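Shown here is one chain on its own, the form predicted on its own, set out as structure tokens.
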């Protein structure tokens, strides 16, 4: 009898280092990395680009025509939308807010939850997001929740965007992070919060390597 796929969840708000740690952990373990935030960003971006009205019927028709797949392992993992690799167009702060907006919609969350669970049923992975351990993969073997102060996260995001060639004002980023936190933590559907059995790690003043080592010590080879 085959063993079930290994699922590790890493949740938390934007800017806490989830992507870096999740990719590093997936690479270390030789399993896939699932960036669920890119799925919400893709839906938000496509809805906004098409200027679609956010009514139930329109969104249902839109979702019926899209398919997400997970390709690769470790650092080389990536999400495809209708067989197309997602690019930098979904990585702006504006698209991040669109993702948060569509994340409030039950129809979108249910669709993406099912898509993520289908992926997780067939392959071992590190799933990064906001409700991976609390909602999508409640039976995951290991669950972690990363957090950090808004100021630290804004500075990290500003540096990340600068590395991508986007010069953005720190104050603007901080305001967006605070607004998105408020929206994500207080939405009635799948709010951002640690799973009851998640291990919580504050990443404000420790390096990514220290966070990785802290997580790795909990995993049983």
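Model, not experiment: these values are computed from the prediction. Numbering follows the first chain given and starts at 1.
We do not show the form predicted in complex with a small molecule, though everything after this point is about it.
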- Item | the small molecule contact in the model of the complex: residue 130, any heavy atom under 4.5 Å | yes
- Examine residue 120 and determine whether its closest non-hydrogen atom to the small molecule in the model of the complex is within 4.5 angstroms. no
- Task: Considering only heavy atoms, tell me if residue 187 and the small molecule come within 4.5 Å of each other in the model of the complex.
- Result: yes
- Message: With a cut-off of 4.5 Å between heavy atoms, is residue 100 one of the residues that contacts the small molecule in the model of the complex?
- Response: yes
- Message: Counting any heavy atom within 4.5 Å as contact, can you tell me which stretch out of 23-31, 61-69, 165-173, 38-46 lines the small molecule in the model of the complex?
- Response: 38-46
- Message: Is it true that 17, 153 and 193, all three, sit within 4.5 Å of the small molecule in the model of the complex, judged by heavy atoms?
- Response: no
